[in-house]
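The chain below stands alone and is given as structure tokens, in the form predicted on its own.
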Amino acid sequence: MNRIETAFQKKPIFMPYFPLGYPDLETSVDVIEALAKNGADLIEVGLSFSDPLADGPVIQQATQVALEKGITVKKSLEAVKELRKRGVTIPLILMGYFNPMLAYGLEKFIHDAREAGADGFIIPDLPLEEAEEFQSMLIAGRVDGDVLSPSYRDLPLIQMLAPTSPDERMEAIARNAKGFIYLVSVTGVTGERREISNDLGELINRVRAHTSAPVCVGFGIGTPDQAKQVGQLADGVIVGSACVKAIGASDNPVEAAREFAREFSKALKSIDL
């Protein structure tokens, strides 16, 4: 059983997002460690990019600061390795855009991510129809002759689905899903919303009709109460903008991260399934 499968043994899971390099590299590593050790079950580790098309203003601003402070893909992977050295054992999913990975070299990026201790990838601008090369490189090096390499770890490319996904495409993605499915709860970019969509339960059921993979919901979840609402329907709750905003606005980001993780984790653990 890999780390992702282990995380989903107790559902729903709490999955915050935080970008490496914000407000600086050292603090971001401390923040992610604090999230991991105070209630997060899985963390989306952000890789900054200058044109984050799926992200709203809060995350755009944070990743821009990270880039101005000199964050790179190489430094980000070194930071993941450092988190593992500090005893972070929960899954760390690298969430970023395709161009920086391409510039780094796809084969090298996947190899170095695996060596650093990453558990998978979320790439919003790499749809299923264009992911064949990346997927093939995830498998490359897996088999030495007919023997599975002892050092090999299967790193899934997590696919995203949205309310606008046609049934045929939803089925194609869900049927072959690995790790979990990232279900976008609303149309548009990331960011907090006042209310959870009334159609969310129906949307989750549409996805579950095609897969046994866990279904995790993101975009628009800003409070512990909203997380609890979503957690009653989904296998996991993804919180990005609210997490970045709360931690970035604090004079003590690490303590803010601890408190944020505790509050959201408590809300989800209070669900009587």
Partner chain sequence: MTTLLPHKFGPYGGQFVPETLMPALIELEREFVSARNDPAFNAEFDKLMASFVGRPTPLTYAKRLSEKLGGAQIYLKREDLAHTGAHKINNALGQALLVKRMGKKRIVAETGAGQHGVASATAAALLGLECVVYMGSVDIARQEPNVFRMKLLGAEVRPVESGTKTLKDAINEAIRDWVTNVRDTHYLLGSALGPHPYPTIVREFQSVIGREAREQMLMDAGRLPDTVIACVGGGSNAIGVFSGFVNDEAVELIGVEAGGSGIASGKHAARFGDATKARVGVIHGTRTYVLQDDDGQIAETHSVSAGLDYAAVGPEHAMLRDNERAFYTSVTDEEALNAFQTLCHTEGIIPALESSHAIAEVIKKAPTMRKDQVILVNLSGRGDKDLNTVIKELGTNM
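Numbering follows the first chain given and starts at 1. These numbers come from a predicted model, not from an experiment.
Missing here is the form predicted in complex with its partner chain; even so, the following discussion is about that form.
Colleague: Among Glu78, Ile110 and Glu115, does every residue place a heavy atom within 4.5 Å of its partner chain in the predicted bound form?
Modeller: Contact check failed for every one of Glu78, Ile110 and Glu115.
Colleague: If contact means any heavy atom within 4.5 Å, which of 235-243, 28-36, 208-216, 44-52 contacts its partner chain in the predicted bound form?
Modeller: Result for this chain: 44-52.
Colleague: Report whether the minimum heavy atom distance between Asp125 and its partner chain in the predicted bound form is within 4.5 Å.
Modeller: Yes, Asp125 lies within 4.5 Å of its partner chain in the predicted bound form.
Colleague: Determine whether any heavy atom of Gly87 comes within 4.5 Å of a heavy atom of its partner chain in the predicted bound form, and answer yes or no.
Modeller: Output for Gly87 is no: heavy atoms all beyond 4.5 Å of its partner chain.
Colleague: Do Lys178 and its partner chain come within 4.5 Å of each other in the predicted bound form, heavy atoms counted?
Modeller: The answer is no: Lys178 has no heavy atom within 4.5 Å of its partner chain.
Colleague: Look up in the predicted bound form whether Glu133 has a non-hydrogen atom within 4.5 angstroms of its partner chain, and give yes or no.
Modeller: Yes, contact at 4.5 Å.
Colleague: Just to be sure I understand the contacts: of Leu161, Leu138, Ile158, Ile196, which is the one whose heavy atoms reach within 4.5 angstroms of its partner chain in the predicted bound form?
Modeller: Result of the distance check: Leu161.
Colleague: Let me know which residues along 217-243 have a heavy atom within 4.5 Å of its partner chain in the predicted bound form, or say none if there are none.
Modeller: None of them.
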